[in-house]
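Quick setup: one chain, the form predicted alone, written in structure tokens, and binding and motion questions come after.
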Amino acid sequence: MAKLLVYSEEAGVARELLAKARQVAGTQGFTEVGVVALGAAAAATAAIWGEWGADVVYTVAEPALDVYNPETYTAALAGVIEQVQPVVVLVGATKRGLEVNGRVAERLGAGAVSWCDDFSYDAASQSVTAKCLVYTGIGNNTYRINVLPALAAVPPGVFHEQAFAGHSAAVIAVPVAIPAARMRVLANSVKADTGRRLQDAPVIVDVGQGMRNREDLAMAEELAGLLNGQVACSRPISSERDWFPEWLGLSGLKLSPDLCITLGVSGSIQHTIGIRESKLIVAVNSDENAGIFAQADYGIHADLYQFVPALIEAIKTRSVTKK
């Protein structure tokens, strides 16, 4: 009885993984698609997962899971896997998911891969073949995992969620002993609310390291405002300059707006993975050899400090003319 198990602390990512699990269940011999709900809040809404393709929801509602700690979450997920005995476990490759995936694999002596974007299970050989992104997405490696269960960390946005109307799931509480964690979480801080979610914006103005000063973001904000959009950034702008709480890319958010305008973005594969689902990409860069031009539908070889003010003025003039 081959079981496929899904886990992510982010509901949207879990839905994506369930859609893929449901898709392959009938073709690769899986007899059960399960999802893991860790913590009291997740357990309280467990029944909804049937509508997203789960046959069974395995819950662990221990109080120790109310605050995230990698040790307690590792113990909980490992405990569920030991009792359920799946052959494949899909884990969302979020920051928490990547942290827990490796810990669980080490604890169980299981096979594990990261940045998986496809997989297949061969019942005859009892092995899993996983295709994984390497070199920040510029290529793929194929791995054969012979030590089961196979844990595969899957980046958000690789698969697409799908509702299964009328499908229902059984809810099973799994008794897992969670030892006291040696690591103490001293504090948790919530990211500042930036207003409308980036995922909901129809237009994204994406700034890179070509934007020299923080005060220069004002023109990017003005452009975004005129287009009913929002400003986002590449990883260095967030992690090194600390201008934004989150970034776009392989290790960040992946968006699919109607229009993405990149300003001073070089175009590394790691970043463009976050915007490649955009319906239209317009790139502005002063380097005519910038990699972003290979990804863009329209490329503008210009100094953003000259082009953006001119574009803003043109939009304002056209708006006045239309009135």
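So that the term is clear: the rigid core is the largest set of C-alpha atoms that superpose within 1.5 Å between two forms. Numbering starts at 1 and runs along the sequence shown. What you are looking at is a predicted structure, and each value in this text was computed from that prediction instead of being measured.
Not on display, but discussed next: the form predicted in complex with a small molecule.
- The partner is not drawn, yet in the model of the complex one stretch among 43-51, 26-34, 64-72, 263-271 has residues with heavy atoms inside 4.5 Å of the small molecule: 263-271.
- Residue 247 belongs to the set of residues with a heavy atom inside 4.5 Å of the small molecule in the model of the complex.
- Contact between residue 304 and the small molecule in the model of the complex is found at the 4.5 Å heavy atom cutoff.
- The closest heavy atom approach of residue 208 to the small molecule in the model of the complex falls within 4.5 Å.
- The small molecule in the model of the complex is approached by residue 290, whose closest heavy atom lies within 4.5 angstroms of it.
- The contact with the small molecule in the model of the complex, taken as any heavy atom within 4.5 Å, belongs to 235 out of 96, 235, 103, 131.
- This chain appears without its partner; in the model of the complex, the one residue of 284, 275, 60, 57 with a heavy atom within 4.5 Å of the small molecule is 284.
- Taking the rigid core as fixed, one finds a CA shift for residue 59 smaller than 2 Å between the shown form and the other one.
- If you fit the rigid core between the shown form and the other one, you'll see the Cα of residue 300 move by 2 angstroms or more.
- Residue 238 shows a C-alpha shift of 2 Å or greater between the shown form and the other one [criterion: core-superposed Cα displacement of 2 Å].
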